[in-house]
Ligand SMILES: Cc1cc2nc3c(=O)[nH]c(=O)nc-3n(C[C@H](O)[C@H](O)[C@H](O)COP(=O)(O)OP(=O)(O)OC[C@H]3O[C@@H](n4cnc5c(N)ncnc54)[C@H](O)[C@@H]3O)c2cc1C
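Just the one chain here, laid out as structure tokens, in the form predicted on its own.
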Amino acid sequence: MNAFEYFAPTTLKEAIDILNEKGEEASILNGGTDLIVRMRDGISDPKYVVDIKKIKGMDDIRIENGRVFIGASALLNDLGNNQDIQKRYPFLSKAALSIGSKQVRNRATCIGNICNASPLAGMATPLLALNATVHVFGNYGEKDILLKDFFVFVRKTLLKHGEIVTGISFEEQACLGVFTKISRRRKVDLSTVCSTVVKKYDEYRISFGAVAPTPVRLNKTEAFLKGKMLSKDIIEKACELAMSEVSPISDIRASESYRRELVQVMLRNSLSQWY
């Protein structure tokens, strides 16, 4: 790892000013579980590191004004063990606690997982299914980006240099959800495929990770299920339709055909919770 200059701003404006002054040679440090590894391996070589953890309010997890807010520096363990989240959105808690080891989750953040934009990002599928919004701060002030629009490609988002994600939020909602993660090992492993299915009255929201260049919602399958009473036949037709909405690849973790089969199995098992 090469030498770098370290900054620890205490306000968003200070952080943005540093990023703008130092330009493309500056990187944001939050949890550091991705950046530090990439720096160690020579994949990233920032000359300036801007640590945002000391900015007030960035580690908040709160429910107010009808929305659930997760700050950019909120740790995965804090999110997964939050009593309100466990009670109201247990599938979101389960997703947070499925990532890495306990030690990793004591450093890694929900927003870091989202901003890395891995196709298999564990936090992406529950937050996509909850219609989450990403909150971004820059020179212009604040702006909101729907999570479904935030992902562009593998490890690419709409976030520009000189912008900082301050958190992510979603509307409070009465819903049921199922988070599923399939991996080669039971624990401390990346997803081969992950998914979340949320049921809200007679509507279903279905999201998958590791089956396309970005985490995705299965919009056609959702539209097919809307208003229908679940039956074995309806579930099987939904699983067939889901296959047409994914485009997995073969890699070191699984083949394309295996991932396609997992999509059907995971969706079938999730929907069967309410059949």
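Start at 1 and count along the sequence shown; that's the residue number. Predicted, not measured: the structure shown is a model, and the values here were computed from it.
From this point on, the text means the form predicted in complex with the ligand, which you will not see here.
Undergrad: Tell me which stretch of 198-206, 80-88, 138-146, 102-110 has a heavy atom within 4.5 angstroms of the ligand in the predicted complex.
TA: Looking at the partner contacts, the answer comes out as 102-110.
Undergrad: Can you work out whether the ligand is within 4.5 angstroms of a heavy atom in all three of L76, C115 and G122 in the predicted complex?
TA: Yes, the whole candidate spot contacts the ligand.
Undergrad: Within a 4.5 Å heavy atom cut-off, is I52 in contact with the ligand in the predicted complex?
TA: Looking in the predicted complex, residue contacts with the ligand include I52, since a heavy atom lies within 4.5 Å.
Undergrad: Do L158 and the ligand come within 4.5 Å of each other in the predicted complex, heavy atoms counted?
TA: L158 lies outside the contact set for the ligand.
Undergrad: So, in the predicted complex, is I28 in contact with the ligand at a 4.5 angstroms heavy atom limit?
TA: I28 belongs to the contact set for the ligand.
Undergrad: Heavy atoms within 4.5 Å of the ligand in the predicted complex: does E171 have any?
TA: So E171 does not count as contacting the ligand.
Undergrad: Looking at L230, A212, L35, C239, which is the one with a non-hydrogen atom within 4.5 Å of the ligand in the predicted complex?
TA: By the 4.5 Å heavy-atom cutoff, the listed residue in contact is L35.
Undergrad: Of 156-182, which residues get within 4.5 Å of the ligand in the predicted complex if you count heavy atoms?
TA: The stretch 156-182, when checked against the ligand in the predicted complex, contributes L159, E163, I164, V165, K181 at the 4.5 Å heavy-atom cut-off.
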